[in-house]
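In structure tokens, one chain follows: the form predicted on its own.
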Amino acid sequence: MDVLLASLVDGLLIGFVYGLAAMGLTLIFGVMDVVNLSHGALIALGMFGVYLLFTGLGLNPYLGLLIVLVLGIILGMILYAIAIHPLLDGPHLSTLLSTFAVSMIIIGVGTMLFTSTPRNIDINLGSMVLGPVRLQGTRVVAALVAILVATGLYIFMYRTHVGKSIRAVANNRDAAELVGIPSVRILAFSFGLGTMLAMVSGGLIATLFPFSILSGGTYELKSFVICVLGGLGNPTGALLGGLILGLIEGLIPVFMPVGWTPVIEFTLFVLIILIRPSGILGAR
């Protein structure tokens, strides 16, 4: 029971980071109905952003996240202007292929610059003991940062003028423009927010596990599973889906070989699509 409890708590902590990663994907889909296939590459960019700031400038990884956060918003707005906006009113396949091309460009350039050799951020925050459970400090801090960012996003979306404008554009773009909301700028900023969430989550993941420029693909697939679990276009549901996926990843290795984890995850993915396509909390 001690091993089971420790695994579940560990999975729950990682689940917060998974949920943050998926929030970026589901936010973009919910606002502009675009499936962002560059999501995994952007997560990898966040990993290397924090890594380079840590190794090159000696900056604490958690302070480096603040720089990655700002750069993520700027990069996302640039990507929107180049790869999304000209195709937004076209067939869905256009934006799908466009974001896939962005992903290939990032991975190609990243492979030339960094190769595919795994890297890691050597940081040790010790551990803390709660009863029979020993928690790694890096995982506790990563979960707390993820909660802080997710809470900040929720307050921003529901308590600020820009956040309300984003929700208005997501609900009805034409009506939002009629009341004076600049939908193009709002959509660009929304894509910037989604990119920022992906890169920040990547930076947090880099403090937990070894990574390479190809690592983002794994977390992109997990983000799709989480989005379906929680409800497409529902950031709150994405956080819940992340916790569920984290608990699954904590539970399975206790009873089965760890290789079964992706099998169980994607079986659940298919079942949710078949039984409840809108996800646990439904689309928003």
Partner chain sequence: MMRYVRDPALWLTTLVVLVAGVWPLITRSATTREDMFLILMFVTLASSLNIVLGYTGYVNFGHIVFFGLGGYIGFYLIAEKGWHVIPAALAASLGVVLFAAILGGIILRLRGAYFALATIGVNEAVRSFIVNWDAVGGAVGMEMNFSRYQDYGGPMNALWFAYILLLIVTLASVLLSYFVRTSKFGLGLLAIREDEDAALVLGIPAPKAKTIAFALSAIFPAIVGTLFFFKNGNIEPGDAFRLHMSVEGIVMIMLGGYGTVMGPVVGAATYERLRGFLLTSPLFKNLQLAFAGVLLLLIIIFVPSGVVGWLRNRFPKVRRILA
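Everything quoted here is computed from the prediction, not taken from an experiment. Residue numbers count along the first chain shown, from 1.
Not pictured, yet referred to below: the form predicted in complex with the partner chain.
When the partner chain is considered in the predicted bound form, L59 lies well away from it, no heavy atom lying within 4.5 Å. Mapping the unseen interface onto this chain, T207 falls outside it, with no heavy atom inside 4.5 Å of the partner chain in the predicted bound form. In the predicted bound form, L96 approaches the partner chain with a heavy atom inside 4.5 Å. Mapping the unseen interface onto this chain, L65 falls outside it, with no heavy atom inside 4.5 Å of the partner chain in the predicted bound form. Put simply, of I105, L130, L144, I74 only one has a heavy atom within 4.5 Å of the partner chain in the predicted bound form, and it is I105.
Just one of L125, L148, L178, M112 comes within 4.5 Å of the partner chain in the predicted bound form, counting any heavy atom, and that one is M112. The candidate stretches are 131-139, 192-200, 77-85, 170-178, and the one lying within 4.5 Å of the partner chain in the predicted bound form by heavy atoms is 77-85. Residues F266, I273 and P277 are all found to lie within 4.5 Å of the partner chain in the predicted bound form, as judged by heavy atom distances.
In the predicted bound form, the partner chain lies beyond 4.5 angstroms of every heavy atom of every residue of 125-139.
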